[in-house]
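Next up is one chain by itself, shown in structure tokens, the form predicted alone.
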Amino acid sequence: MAESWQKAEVPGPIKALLLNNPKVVAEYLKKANHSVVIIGDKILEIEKEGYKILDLIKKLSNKINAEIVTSSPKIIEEMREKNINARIMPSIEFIDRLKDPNWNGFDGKGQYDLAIFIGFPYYYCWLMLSNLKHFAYNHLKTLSLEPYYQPHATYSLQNNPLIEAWFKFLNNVIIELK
């Protein structure tokens, strides 16, 4: 059984399904009809450590035909340099839109059915996922691709504080998405 990364956080009786196999993560990604990838600015710290996480996110979004959203102008600049299309919107506003079942998304194709989170501080992602867990459970599933277990997500990866192992796991997910 997975536990929250930070102790003393009590998520309630409903916790995220733990995904610790890249093939299973890939299957859940393929199963979604309309996905969005939400990126936090911790991604830039990971890029500075030498991991090409933005390239990995580009491959992921291309394989599942997902849009990319961030609240960071710095990430938008980095993505433009890498020819990655992304939208910018404050996180809180975007979370509010995800809660609205009648929102048509950025592309006008209707509400997203899977929101994928990556690159946020743990506590911040915890709060966004808690909000969606309680107010968007009828129409939206969430997947945390963070290196730490997020109990408020619908699906979450296991705690994996070693960035190298986490990055390898994500690469294996991309390979499984063939």
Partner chain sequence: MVKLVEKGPLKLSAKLLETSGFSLKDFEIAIGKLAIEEEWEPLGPTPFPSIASLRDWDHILLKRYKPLYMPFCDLCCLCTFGKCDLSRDKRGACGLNMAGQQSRIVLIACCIGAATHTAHARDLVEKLIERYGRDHPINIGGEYIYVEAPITRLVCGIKPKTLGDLEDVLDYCEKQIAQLLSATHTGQEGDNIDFESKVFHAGMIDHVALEIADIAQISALNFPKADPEAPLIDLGIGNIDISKPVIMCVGHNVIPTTGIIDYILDNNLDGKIEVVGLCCTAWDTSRYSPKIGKIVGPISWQLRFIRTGIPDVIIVDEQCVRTNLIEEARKINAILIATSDKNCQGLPDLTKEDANDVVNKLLNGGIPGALIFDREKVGEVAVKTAMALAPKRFNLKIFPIKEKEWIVSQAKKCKQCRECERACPNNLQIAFAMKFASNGDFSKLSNLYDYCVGCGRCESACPEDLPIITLMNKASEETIREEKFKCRTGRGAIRDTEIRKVGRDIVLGTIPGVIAFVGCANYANGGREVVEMVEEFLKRRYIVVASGCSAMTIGMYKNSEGKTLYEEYPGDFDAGCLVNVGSCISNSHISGAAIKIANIFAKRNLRANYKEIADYILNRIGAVGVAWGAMSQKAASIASGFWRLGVPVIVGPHGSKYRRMLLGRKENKEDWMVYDARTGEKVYVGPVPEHLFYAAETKEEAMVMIAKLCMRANDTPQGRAIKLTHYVNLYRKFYGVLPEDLPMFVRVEADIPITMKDEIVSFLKEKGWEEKVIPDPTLLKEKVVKKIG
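Model, not experiment: these values are computed from the prediction. Numbering follows the first chain given and starts at 1.
This protein has a second form, the form predicted in complex with its partner chain, left out of what is shown; the following refers to that one.
Looking at its partner chain in the model of the complex, residues 73, 91 and 97 each place a heavy atom within 4.5 Å of it.
The closest heavy atom approach of residue 139 to its partner chain in the model of the complex falls outside 4.5 Å. Mapping the unseen interface onto this chain, residue 27 falls outside it, with no heavy atom inside 4.5 Å of its partner chain in the model of the complex. Taking the partner from the other structure, its partner chain in the model of the complex has no heavy atom within 4.5 Å of any heavy atom of residue 68.
Under a 4.5 angstroms non-hydrogen atom cutoff, its partner chain in the model of the complex has residue 49 among its neighbouring residues. Residues 159, 161, 162 of 155 to 178 are found to place at least one heavy atom within 4.5 Å of its partner chain in the model of the complex.
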